[in-house]
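In structure tokens, one chain follows: the form predicted on its own.
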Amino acid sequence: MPPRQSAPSRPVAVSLLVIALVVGGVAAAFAYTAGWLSPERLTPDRIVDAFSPPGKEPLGHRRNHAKGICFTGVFEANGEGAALSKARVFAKGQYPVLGRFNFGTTDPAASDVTARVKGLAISITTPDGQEWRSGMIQLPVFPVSTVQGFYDLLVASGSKDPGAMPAFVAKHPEIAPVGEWMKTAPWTASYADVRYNGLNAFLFTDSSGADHAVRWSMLPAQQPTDVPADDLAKRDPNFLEQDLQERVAAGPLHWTMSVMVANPGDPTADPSKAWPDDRKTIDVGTLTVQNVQAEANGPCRDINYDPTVLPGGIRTSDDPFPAARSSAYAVSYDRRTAEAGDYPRTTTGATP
């Protein structure tokens, strides 16, 4: 069992620590698709290589958000989403969900005390055989506005040059909202009280053929609780998984899926820019988590939560990041499945 780690001090300054946490929370989410830039400059393989130093790759695991726990449940659509999309998943009814809670780390043995940016991935299937996969994280916006900016962030965060990160921050003022979130958002000790945001814009197509640019979030039924740093530091290294198991044993957990609709002119290709709060939102259904299982033997262990796996009625927008995520996920998936023999099959909630 890894030793307990001290909780970070709060509030967190907009500093190199903030940038490191941001990179840890979202590094696995974005990379270049082949062909965006010349192959000799960037490829998905090179991006995935940057997640972990040579010789320290988490063999058999996802290259980031490497520690997680599986769950099964249902998505109960209330029928309201049909006004935006003809996708079967929005027709009133219940649909099975296979998901994964996780947090931003490249180390599957990391203590949960480091879980500043938590994540939720889901796969919803419908009776007609279609599937909707989505990955969401706790951040309210993405720290940079372009894929090039993300790559620069990744390079700067791994540089030994003390001036690399200050130079990056000076060049990318759009990172300020994430820095503010790091300073003010509560540190929680549960996956259950977190709002998970889909930061990318997608297009919903309704039955008339009209398109609607949207983003979505999962809003928890539980109110977030800010845990004192001293208390957090005393928790077991696997407290997030233990907490989730205890909560689900006592009863199902619920999130409301809320879809925000863009107005004409709202930026859809830049995930660093939030849409105004006065935009139309529609609650389209409820995610219910019914059972959890350790990832080592769980049903989510071998799923690639590729955000471009979409049902009819949903498609990507001009936001370039979903395609970039897809290419990076494919590389990570191929590597970890080839390393399956290195993955420790255990029956505990901890991932050694």
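The first residue of the shown sequence is 1; numbering continues from there. If you're wondering where the values come from, they're calculated on a predicted model, not measured in any experiment.
The form predicted together with protoporphyrin IX containing FE (HEM) exists for this protein as well; it is not shown, and the discussion that follows is about that form.
**Message:** Within 4.5 Å, heavy atoms only, one stretch in 132-140, 185-193, 221-229, 76-84 touches protoporphyrin IX containing FE (HEM) in the predicted complex. Which?
**Reply:** Stretch 132-140 is the one.
**Message:** By the heavy atom within 4.5 Å rule, which residue out of 304, 317, 308, 286 makes contact with protoporphyrin IX containing FE (HEM) in the predicted complex?
**Reply:** In short, 304.
**Request:** Go through 204, 71, 255, 150 and name the one with a heavy atom inside 4.5 Å of protoporphyrin IX containing FE (HEM) in the predicted complex.
**Result:** Of the listed residues, the single hit is 150.
**Message:** Quick one: 120, 325 and 336 and protoporphyrin IX containing FE (HEM) in the predicted complex, is every residue within 4.5 Å by at least one heavy atom?
**Reply:** Result yes, every residue of the spot touches protoporphyrin IX containing FE (HEM).
**Message:** Within 4.5 Å, heavy atoms only: does residue 115 come near protoporphyrin IX containing FE (HEM) in the predicted complex?
**Reply:** No, residue 115 sits far enough from protoporphyrin IX containing FE (HEM) in the predicted complex that none of its heavy atoms falls within 4.5 Å.
**Prompt:** Should residue 198 be counted as a contact of protoporphyrin IX containing FE (HEM) in the predicted complex, where contact means heavy atoms within 4.5 Å?
**Reply:** Heavy-atom contact with protoporphyrin IX containing FE (HEM) at 4.5 Å: present for residue 198.
**Asked** Might residue 100 be said to contact protoporphyrin IX containing FE (HEM) in the predicted complex, defining contact as any heavy atom within 4.5 Å?
**Response** Heavy-atom contact with protoporphyrin IX containing FE (HEM) at 4.5 Å: present for residue 100.
**Item:** Heavy atom contacts to protoporphyrin IX containing FE (HEM) in the predicted complex at 4.5 Å, residues of 58-77 in sequence order
**Value:** The stretch touches the partner through 62, 63, 64, 65.
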